[in-house]
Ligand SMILES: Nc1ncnc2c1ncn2[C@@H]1O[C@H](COP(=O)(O)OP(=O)(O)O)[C@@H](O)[C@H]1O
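Presented below, as structure tokens, is a lone chain in the form predicted on its own.
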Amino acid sequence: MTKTVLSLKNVCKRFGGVVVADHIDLDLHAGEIMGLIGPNGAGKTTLFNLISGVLKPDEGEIALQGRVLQSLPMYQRSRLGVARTWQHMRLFGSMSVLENMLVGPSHYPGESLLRLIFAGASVREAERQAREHAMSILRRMNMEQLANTSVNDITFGQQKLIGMARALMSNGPCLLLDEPMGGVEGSAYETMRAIVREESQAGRAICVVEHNVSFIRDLCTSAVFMVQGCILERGDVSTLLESKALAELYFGK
């Protein structure tokens, strides 16, 4: 039986009279790549924000491997293994590619002033391991030569890959990808697709918000269609993408 990594039960979120998440029930399993599809404003990114801790639900439960999350702040959820990317990469323009990645590890002893003062050797070792991990990810993306380059000096597609690379610095079980293919093409597209597939094969549970239908069709093992904060339909990718009713909701009549 496939292990459930992330579970949402009866999750609701309202802004005044507007319901942006309406009694959401969802399970994400180890090795699964779930596509979260639907028109703009359907509530897809809102759902990511609820899972990662940007927003708190008004009702319901969010659990990671049985650990209830909804009362925890964002940084604790990250430490427990919820990693995500963002539509707008939120990279630090004044920093290099490598430096941007080094803010990604979920546990870093140098964040503690006391440990930095009294256990400097362990902090230096942790930093060395983080750098090695970052460089190994860059090698997978064929971007090792850009490690010391400012993120302002690389292409948009490469910046998208660095957003993914930073999320991969956490070895947690859950990966949320918010429109990873927006504006990405060519070799960056192929690299992104290969990395997502490899992470799934390694056992990560992956949920992807994406409007690129080819990407969803190529990679996702399941799909969920959202409209106005509700899950309207769920199932295998081909069935959902070929539904005329859903196509009308997505693209209009």
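Quantities reported herein were computed from a predicted structural model and do not represent experimental measurements. From 1 onward, residues are counted along the sequence shown.
Beyond what is shown, the protein has a form predicted in complex with this ligand; the following relates to that form.
*Asks:* Can you tell me which of 25-33, 45-53, 197-205, 66-74 lies within 4.5 Å of this ligand in the predicted bound form, counting heavy atoms only?
*Replies:* One stretch meets the cut-off, namely 45-53.
*Asks:* Please identify the residue among Q87, S94, S136, Q129 with any heavy atom within 4.5 Å of this ligand in the predicted bound form.
*Replies:* For this set of options, the contacting one is Q87.
*Asks:* With the partner left out here, check for me: in the predicted bound form, does some heavy atom of C12 sit within 4.5 Å of this ligand?
*Replies:* Contact check for C12: no, nothing within 4.5 Å of this ligand in the predicted bound form.
*Asks:* How about G186: is it within 4.5 Å of this ligand in the predicted bound form, going by heavy atoms?
*Replies:* No, no contact at 4.5 Å.
*Asks:* Even though the partner isn't displayed, in the predicted bound form is P39 close enough to this ligand, meaning a heavy atom within 4.5 Å?
*Replies:* Heavy-atom contact with this ligand at 4.5 Å: present for P39.
*Asks:* Is there any non-hydrogen atom of V20 lying within 4.5 Å of this ligand in the predicted bound form?
*Replies:* Answer yes; at least one heavy atom of V20 falls within 4.5 Å of this ligand in the predicted bound form.
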